[in-house]
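Next up is one chain by itself, shown in structure tokens, the form predicted alone.
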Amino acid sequence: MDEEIEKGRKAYLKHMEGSVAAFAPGRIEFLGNHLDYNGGMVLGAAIDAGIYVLASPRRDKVLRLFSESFEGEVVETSLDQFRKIEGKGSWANYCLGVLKAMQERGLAPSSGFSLTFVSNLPVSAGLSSSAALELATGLALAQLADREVGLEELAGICREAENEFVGMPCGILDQASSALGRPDHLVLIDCRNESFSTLPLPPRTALWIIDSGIKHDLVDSHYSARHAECGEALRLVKEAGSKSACLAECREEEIDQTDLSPNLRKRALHVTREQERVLTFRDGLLSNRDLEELGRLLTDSHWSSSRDFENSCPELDFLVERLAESDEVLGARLTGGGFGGAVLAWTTSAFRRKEAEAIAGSYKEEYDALPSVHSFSPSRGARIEDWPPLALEKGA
């Protein structure tokens, strides 16, 4: 029997010869809602959940992509003739977009490949499974092509893929947070200059996500409309004499002095005030400011998103209101693009799952749906994984 197991093990390793693996985490948008494409500074964190990919080379030009998170669906196309997929299987566009961008830079493999994705990341919860999918793909393809690519460069490649191939006009928050995370740190991203640094989170605090279960497809939602509104507001503010290069740099008095429609004014005020909240939080961390004072910035962010940027919904507002009733919640806000998804709670370490689940229970009483509760730790960013697995190498 042992001989047969060993034969099977050797056959398996031969079959998987040349295979590589990578992992990319999801991310939490900690503070800075819709600032990334407005040239602002934002705070994110990589989390300890994400997407793992196993990549195997092929001798033909076939591309085969499989994800257990998308109803066991297989997508097949050709290395030389792939194009954007519409409808069923469109999740693969995030991978194909990365492939196209890497081909243009000479970083992609010249033969076909198979990619198999496994995830423990909640989908459509505002944790950016799309950026994790892109980064894991990019690291795997670079290995298959025997090329090296830095994480900052890869974050830019993945952002380009999402902008130009998928058609999502996002900034670099998602990709940079997922790529450059560090344990127990926030990632500070200057989206205008695409420069990055990290800030340690105060000890004895925790991050919780309560997922409303309301799915959001940002490509087909109001996200693009908000992007256009911000662009129009900036155009009008600059026509009125502002020298600001981006909306996040505009001063509130510049907005007040510009003839904007009520909606454009609200969008612009959210952006400039949100930028001030991010800078205040950054400076507060560095000067050890009171945590409750810092936490209020997150809650203020949520109500600005809800009332001025109008990318919240009654369900998310309900969760923020209930979380604010807890003495152990420092601050709470929607996280991600909005229009559904999840709420982030920044808490003391004394906040317990039992309390989070009680809030979820009150949500169920109100909306007849039970949200999921997750606790995450700020963690290491995207990385290459070893293949074959260590247990197989040792003959286990």
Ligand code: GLA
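Computed from a prediction, not measured in an experiment: that's the story for all the values here. In case it trips you up, residue 1 is the first one in the sequence shown, and so on.
The next section is about a form of this same protein that is not shown, the form predicted in complex with alpha-D-galactopyranose (GLA).
This chain lacks the partner; the member of Gly97, Gly171, Gly295, Pro109 within 4.5 angstroms of alpha-D-galactopyranose (GLA) in the predicted complex by a non-hydrogen atom is Gly171. Gly32 is the sole member of Gly32, Gly341, Gly331, Gly50 with a non-hydrogen atom lying within 4.5 angstroms of alpha-D-galactopyranose (GLA) in the predicted complex.
Residues with any non-hydrogen atom within 4.5 angstroms of alpha-D-galactopyranose (GLA) in the predicted complex fall in just one of 367 to 375, 24 to 32, 351 to 359, 54 to 62: 24 to 32. Contact with alpha-D-galactopyranose (GLA) in the predicted complex, defined as a heavy atom within 4.5 Å, is made by all three of Tyr37, Tyr223 and Gly337.
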